[in-house]
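Presented as C-alpha cells, the chain that follows is alone, the form predicted alone.
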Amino acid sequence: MNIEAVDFFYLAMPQIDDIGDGSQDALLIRVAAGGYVGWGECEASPLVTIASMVCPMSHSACKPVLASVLGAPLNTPEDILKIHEQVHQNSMDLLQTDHALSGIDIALWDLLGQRYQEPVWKLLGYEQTYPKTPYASMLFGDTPQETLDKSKAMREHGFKAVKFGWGPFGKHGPEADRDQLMAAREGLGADTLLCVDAGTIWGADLAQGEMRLDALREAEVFWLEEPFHTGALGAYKALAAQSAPIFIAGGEGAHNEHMARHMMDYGGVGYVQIDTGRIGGITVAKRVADYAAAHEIRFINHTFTSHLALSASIQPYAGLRDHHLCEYPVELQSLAYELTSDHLLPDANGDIHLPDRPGLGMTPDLAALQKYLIDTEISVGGETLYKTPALA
C-alpha cells in the first residue's frame, strides 16, 4: 500500500496563557493508506509545523516535508525508515523538519499496527511490556503554600513519584527555591520520589545550579531536570560531576538522535528524557532508548500533553524492564484530555500499562475535538497551499 493522504489539524484552547503548559494547543496528524488510518501528534507550534509541511521549495534540500511522504510505500517498519531518509535528504534545511516528521512517524506506526492488528511495541520487536511507574508531572505553585497543597493532593491520589517544574522556580534566588523545594517535600512525605524540572532557566550559568545543590539535597530530590539549555553540555557535565546523590536529567529539547546522544555522551545525565513528538517520532526515540540501555543510562519519556502522545512516548521503551519511570501529566487542559476517548490510567498498584490493542491503542475523539479546531488557510501568490481538512 502507498500513503494516500496526510492531514493535519490545528487545535487550541479558547485562551492560551503565558505558562509552561504545552497542552493548550496541539497539532494532530492523520495518515491514510490502504484503507487504514493512523494518528499522531507533534510537540511543536502548530502553525509553524504546518508551514514546514507545505512550504514552497527553496532549493533541493529545502522542500516541503509532505513531498517525501505522500505516495511513499508503507508496508513494513523498513518503509518508515526509508521515509525518514527521504525527508532528511529533501528537507534538511527546514529547522522544523523533525517536529513535523515526528507526528507523521507516530501516525505511520499507528497505521501499521492497525493493518497487522498488533500494538506498536510488538512491531518494534518487544515480546512483552513492563509496567511503568508514573510520576505526576506538574508546575510549581506560584507560592510555596500552593506547592504544598499540590503535593499533598498528589500524595492522596497515590502517586509514588511527583515532579514539579517551571513556574517561579529559578527566578527569585536560591532561598525562594529552597522554600518551594521544602514545601514539596513536606507535602509528599518521606516516601514519595521528588523530581524537579528547572526548565532551562539558567541558560549555561553553572553557578546558578551549584547554588541550589544544598537545598536539593536537603529536600531529597531524586533528579534535577534541564537546569541548562539543551546545548550547554559543558555546564551539564560540570554540575553532574558534583550533584551526587542527585541525578541530572535532560533531553526533551533534543530534536534529533545526535542531540540525544550528545546529552548522554558529553552531558553526564543519568536520565535521558525524550519526546517522541519532537525527536523524529517513535522510530528515533526507539534508537535513543536502545543507546541509553547499552550505556547504562535510564530512558524516560517526556510528555506533557495528550494520552495519544503519552502512549506514543512509552512505546520506544515499553520492553525495557529497568527503565520503569514514566512522566504522567496530571494538569491537562481539557483539549489534551478530550483528544482521545481512551486514557492510560494507573492500576490498583499505581502503575501504567500500555494497551494490548492495535497501533497505539488510542482513539481520537473527533466529535469532542470539533470545538477546538482552528480553521486555517495558507496561501502564497494566490495559490492555497493548506486549508483545514474535514476532521470527521
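What you see is a predicted model; the values in this text were computed from it and never measured. A residue's number is simply how far along the shown sequence it sits, counting from 1.
There is another form of the same protein, the form predicted in complex with a further copy of the same chain; it is not shown, and what comes next is about it.
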Quick one: does Ser60 come within 4.5 Å of a further copy of the same chain in the predicted complex, counting heavy atoms only?
yes
Can any non-hydrogen atom of Glu220 be found within 4.5 angstroms of a further copy of the same chain in the predicted complex?
no
I'd like to know whether Phe9 contacts a further copy of the same chain in the predicted complex, with contact meaning heavy atoms within 4.5 angstroms.
no
I'd like to know whether Asn256 contacts a further copy of the same chain in the predicted complex, with contact meaning heavy atoms within 4.5 angstroms.
yes
Which among 75 to 83, 129 to 137, 92 to 100, 290 to 298 is in contact with a further copy of the same chain in the predicted complex, heavy atoms within 4.5 angstroms?
92 to 100
Looking at Pro46, Pro346, Pro364, Pro358 here, can you tell me which has any non-hydrogen atom within 4.5 angstroms of a further copy of the same chain in the predicted complex?
Pro46
The listed residue (Leu66, Leu332, Cys326, Cys55) that reaches within 4.5 Å of a further copy of the same chain in the predicted complex by any heavy atom is Cys55
Residues from 14 to 29 in contact with a further copy of the same chain (non-hydrogen atom within 4.5 Å) in the predicted complex
Ile16, Asp17, Asp18, Ile19, Gly20, Asp21, Gly22, Gln24, Asp25
